[in-house]
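Here you get one chain, nothing else, as C-alpha cells; it is the form predicted on its own.
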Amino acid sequence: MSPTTLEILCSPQEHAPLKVASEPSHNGEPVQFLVNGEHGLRFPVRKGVPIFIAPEEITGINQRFRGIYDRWAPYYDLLSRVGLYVLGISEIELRRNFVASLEIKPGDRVLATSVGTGSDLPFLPQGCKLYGLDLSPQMLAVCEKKMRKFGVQAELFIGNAEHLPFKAEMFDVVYQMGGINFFSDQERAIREMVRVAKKGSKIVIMDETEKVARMLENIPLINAWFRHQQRPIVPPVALIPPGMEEVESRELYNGKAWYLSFRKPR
C-alpha cells in the first residue's frame, strides 16, 4: 500500500485516521493491520488488500448477496456475458459508453464503489488512479487476476459501500456500475458517494431495470440474483441529497438499464 493511499483512508464508521502496524504471525511472517489506537480499531491487510468489514457485520440483503457473489465469482463474467447476450446488449459497447460518460481526466482519482471482477478496468483511460471497493472477497480475487492479465494498476479494498473507508472529498469521479439494486441501504450508499467526492465531482450510478429483473429471474443460474426480489427496482432519484447539480436520470438500451448522474456542488 502506497503512502498516498494511506493518506486518503479512514475507518468506515468513525472516519478516524489510520496507520500501518505489523506483528508476527504463528509462523513468524509479519502480518499487517491498519490501526487507530485512540478508538481501538484494527483492520487486517491480506495480500495487500485492507479488509474493512467482518462477516458478522454484514446483515440483511447485503449478507444474502455477498454469499451469492462469493459463490459465483469464478463464473460471474461468463454469466454476465450470457445475460447481456440474452438482452441483446454488447458488453463492450455498454462498458465503453459508460466509462466515457464518467468524464475521467488524466491524473483523476477514481473510485468504483462496487468494482466486482473489474470488468470496467480495461476501458478506463490511462493515467487515472483507480480505487476499487467490493463487499465480496471472491469477486476481488477475480479482479486481481484480471488486473495482472491486462497490466492494470488499482488499489483494492474489501468493504461496504454504505460505509466507505475514505476521508471526505478525496475523489474526482465516483461511480457505481451495477449492484446497487441489491444494497440494504441505497440512501446511505449514495450519501457516502457524495461525502468522499470532491466538490464539483461527477457521480454516476447505473443498474438494470425492473423489466430486466423479471426477464432474468427465469434463466437458470442468472436467476440467483433476481429470485425473491424484496423491493421493486426503481432509479433512486429521490435518494439523491438536496443541493446536487446537473441531475440526470434516464433509461438506456430500450428500458433495460437505468442511468443516474449528478454533480457535487463546488
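Values in this document were obtained by computation on a predicted structure and should not be read as measured data. One-based numbering along the sequence shown.
We do not show the form predicted in complex with a small molecule, though everything after this point is about it.
Next on the checklist: Considering non-hydrogen atoms and a 4.5 Å limit, which listed residue (130, 196, 177, 104) is close to the small molecule in the predicted bound form?
Outcome noted: The residue in contact is 177.
Next on the checklist: Whether residue 162 contacts the small molecule in the predicted bound form should be assessed with a 4.5 Å heavy atom distance threshold; does it?
Outcome noted: Yes, residue 162 is a contact residue.
Checklist entry - So, in the predicted bound form, is residue 183 in contact with the small molecule at a 4.5 angstroms heavy atom limit? => result Taking the distances in the predicted bound form, the answer for residue 183 is yes, it comes within 4.5 Å of the small molecule.
Next on the checklist: Even though the partner isn't displayed, in the predicted bound form is residue 139 close enough to the small molecule, meaning a heavy atom within 4.5 Å?
Outcome noted: Yes, residue 139 sits close enough to the small molecule in the predicted bound form that at least one of its heavy atoms falls within 4.5 Å.
Checklist entry - Would residue 32 show up as a contact with the small molecule in the predicted bound form if we use heavy atoms at 4.5 Å? => result Answer no; every heavy atom of residue 32 is more than 4.5 Å from the small molecule in the predicted bound form.
Checklist entry - When the small molecule is placed as it is in the predicted bound form, which of 122 to 130, 148 to 156, 109 to 117, 165 to 173 ends up with heavy atoms within 4.5 Å of it? => result That would be 109 to 117.
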